[in-house]
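First come two forms of one protein chain, each written alone as structure tokens, so that there is a structure 1 and a structure 2.
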Structure 1
């Protein structure tokens, strides 16, 4: 009898042991991911300043967001950043990667290092340097403009130019980072394909369109998705460079979330903004992945 009980207990231990070994991950995931997400959703349905009791408002915060002109402006600015970042970072990153992967460029390691340096540079330091570059009276860009006989531009003080100034900093910081992904993708394409294309009489442009782009599709998909997600969540560059101004002309959704939660202490409204950002990120990433046929190879 005792022997049977001991065997049953030993079998039970063997079944439980694997779950005990992996339980730390699930516990940490629940504490630091699931709980904040659930609490954020709960908070978005309430009014709360961080002190005192919460007031349940249901979907009131989301309804108010639809009528909030500041939210509309922040949403519009964020869409502007998304579109510009996708076009600039995707095109320039791919062109740089193709050039650095070709035999035309010498000292490739030096150029790769130069282009990757911005990503390891502190965004605060970069923003301060760019603030000097954008200075209306003594900035580098206006000095170049005046050398060409043009009037100086108020990059950071103009509502029409502030977003361009932010995009310039974003392009400088992230083009080299995306270039590394494209470079890795290019180097994984067999050289024999290009050699066969040359034998068949294909031009460099035809090789690029028929070989490079199709085989780079997974990398392009990945770069598009991470650029999109990063653009939706953009905060550092506009906040340090312009503070979201002038007149909120460069304010992103995350800056508006930060102001609403940390400066105005309207935490429920800020949580609702956060879930709007989460929804945008999830939906657009899902659409892009499915439209481009991403990860089909993994399924098969």
Structure 2
């Protein structure tokens, strides 16, 4: 009898257990993710400074964004960051991964560790060191420039160079990170394919173009999308290095969002910028999911 009750209880427990296990996660998720998302959408249709009444403006914030020169600047700067990050990843990260996957290279693990270290470093700390490097009068970069007989450059103080300075920091931090994805992809390509190519008399370049690139396509696509998404969201690097300046020349979309919300207290407008960022991210993810054939990669 007692055993039967215990059995019943165990059965019941078995059925409700998964719901109990997921509930803390979903309560947090609903309160701090789903609700803010809905509230943000509502906010983006209003004008509000954080105190007093919200004024309903419909799509007014979005219409104003289309006409806002500061937003245009932030947008085009962000496109610069996206483009530059893409080049860095597809050139440096990919080449680095191919090198570190090659049988010619010794001490692979050591190199991999070294190239990966920047990503675990705090951006704040890294940006402070880079400020020192970029300094017009004493910076290491200019010291090297002068040693090569060139004139020193005002990296952080000139509107034409500030974005480049930010991109330098981005390259330093993210090259090794994306290298990891390429390496994982390269390691899943069977060595026998390359051996067969060598037997057939293929040059290393030919095997790279005919074997590596086609088989690496899904990983390349993945890295392209996460890079683009990551660069839409860029904030820390330009904010600390240049504060978005001079004259907003390095201001990213998220810096503009931050200023609009936190400094100008235009919360509805800032929320609308958030949704533009969301929209861009969504389109990229949608493209990726479609090109990769849905969530096929999931184990079910």
Partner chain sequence: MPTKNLPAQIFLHLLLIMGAIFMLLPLFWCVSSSFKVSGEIFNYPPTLFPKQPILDNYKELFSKFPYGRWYVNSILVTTLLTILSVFFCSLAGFAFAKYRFALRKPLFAVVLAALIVPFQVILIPLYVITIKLGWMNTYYALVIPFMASPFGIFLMRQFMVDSIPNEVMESARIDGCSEFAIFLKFALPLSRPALGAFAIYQFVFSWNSFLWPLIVLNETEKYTLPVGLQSLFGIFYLKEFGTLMAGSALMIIPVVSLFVFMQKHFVSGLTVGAVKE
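Residue numbers count along the first chain shown, from 1. Take the two forms, superpose them, and find the largest set of C-alpha atoms that agree within 1.5 Å; that set is the rigid core. If you're wondering where the values come from, they're calculated on a predicted model, not measured in any experiment.
Identity of the form predicted in complex with the partner chain, given as 1 or 2: The chain shown as structure 2 is the form predicted in complex with the partner chain.
Core aligned, does the CA of residue 279 move at least 2 Å between structures 1 and 2? No, because once the rigid core is superposed, the C-alpha of residue 279 moves less than 2 Å between structures 1 and 2.
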